[in-house]
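This document opens with one chain alone, in structure tokens, the form predicted alone.
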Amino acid sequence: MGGGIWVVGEVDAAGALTKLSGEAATAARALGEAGSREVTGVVVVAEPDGAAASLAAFLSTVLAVRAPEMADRAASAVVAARIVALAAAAQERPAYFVLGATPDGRDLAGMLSVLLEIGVLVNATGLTWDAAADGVPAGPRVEMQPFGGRVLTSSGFTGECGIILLRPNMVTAEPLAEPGSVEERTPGEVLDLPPVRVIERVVTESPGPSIEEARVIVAGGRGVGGPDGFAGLRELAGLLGGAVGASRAAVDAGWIDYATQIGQTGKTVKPAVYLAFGVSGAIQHKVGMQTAETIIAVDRDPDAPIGEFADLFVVADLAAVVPALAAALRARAG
């Protein structure tokens, strides 16, 4: 058996384990079973107990590392330093790391890549394990969709170690039959932390579920026409218990916050229902929402690309459809 696989758990602003961390743990567990590698979770935060227990629902062993310095330091720098110290103290350094492809995950992957001198494969959409063949060592096979999803690639590491960044909603998180154990660890000598300190935190609050976890998403694109158009979509989302999303065109126009952007340069979502209003369906947007269970699109252009893959495509004026739909939902609720 070679080096193991470590899954680095990520937490949200409230200190809870993110949904993507459960997905990464599930994907890593499948890799470990296929490659006969031990899979271990690692949580490095100021108060790791809750998040570590949540990660243990997916992995048999989780290392909880208490890092009080994260209160005023850049999180990625602290996590990287602690993980490198843990790896140095381990009897056998892990061969592979699996992280979520989030802004913090990408920062952490870059730091670990430099500190440990190992490669990174980003934005994985699928993971399998390849046996050794033709001089190529056994290891993970990582599927990716570069160029806006126009190309499907399959890549591996040239050596027997590396870092994998998994895109959200590519794997269904599956807990173990019985939760694993949590072990509190204190790293030995920790590398000097960079002098970068956090001087301000800005938290954006929005009503309803987060866009990553919403079962219903009401998305708007250039066809919405402006910020006022999104007011109607917000009402629809509220009536449906969902979240509001947007295409890059709407975000670039300044009509709505970047946090709502879905697509290649935004977020990847997997709702039960995706309602798209005035969204053309360009490939860059499609890669972020194509795994939705049901896609319903409304657009005035009968030739909009989204009509080619939507389950229901309505050619109509948004100015008439959105208020009518909201009125019908209000009447039904009343």
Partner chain sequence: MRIVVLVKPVPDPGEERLGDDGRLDRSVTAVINGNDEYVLEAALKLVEAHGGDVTLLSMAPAGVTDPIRKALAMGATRAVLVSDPTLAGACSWSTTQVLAAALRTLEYDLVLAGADTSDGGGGIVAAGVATLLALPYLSHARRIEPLDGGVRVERLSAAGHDVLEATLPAVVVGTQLLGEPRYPSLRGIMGARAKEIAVRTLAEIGLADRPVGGAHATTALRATRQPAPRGSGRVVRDLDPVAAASAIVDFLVERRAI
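Given the structure is predicted, the values throughout are model-derived calculations rather than measurements. Note that the rigid core is defined as the largest set of C-alphas that superpose within 1.5 Å between two forms. Positions refer to the first chain, counted from 1.
Note that the form predicted in complex with its partner chain isn't included here; everything after this is about it.
Exactly one listed residue, out of Val44, Val39, Leu275, Ala56, brings a non-hydrogen atom to within 4.5 Å of its partner chain in the predicted bound form: Leu275. Checked against its partner chain in the predicted bound form, the candidates Pro179, Gly119, Gly238, Pro227 yield a single residue with a heavy atom inside 4.5 Å, and that residue is Gly119. Mapping the unseen interface onto this chain, Ala64 falls outside it, with no heavy atom inside 4.5 Å of its partner chain in the predicted bound form. Residue contact with its partner chain in the predicted bound form: Gln290 places a heavy atom within 4.5 Å of it.
At a distance threshold of 4.5 angstroms between non-hydrogen atoms, Pro187 is out of contact with its partner chain in the predicted bound form. At a distance threshold of 4.5 angstroms between non-hydrogen atoms, Ala88 is out of contact with its partner chain in the predicted bound form.
Looking at 179-187, 227-235, 166-174, 104-112, the stretch with residues near its partner chain in the predicted bound form, meaning non-hydrogen atoms within 4.5 angstroms, turns out to be 104-112. Of the residues in 254-286, those that come within 4.5 Å of its partner chain in the predicted bound form through at least one heavy atom are, in sequence order, Tyr258, Gln261, Gln264, Thr265, Val273, Leu275, Ile283.
Gly241 shows a C-alpha shift of 2 Å or greater between the shown form and the other one [criterion: core-superposed Cα displacement of 2 Å]. Positional change of Leu312 between the shown form and the other one reaches 2 Å or more at the C-alpha, relative to the superposed core. Annotation for Ala324: C-alpha shift of 2 angstroms or more between the shown form and the other one, rigid core superposed. Legend note: Cα of Leu121 to Cα of Glu293 is at least 3 Å closer in the predicted bound form than in the depicted form. Relative to what is shown, Gly241 and Asn169 are closer in the predicted bound form; their C-alpha atoms differ in spacing by at least 3 Å.
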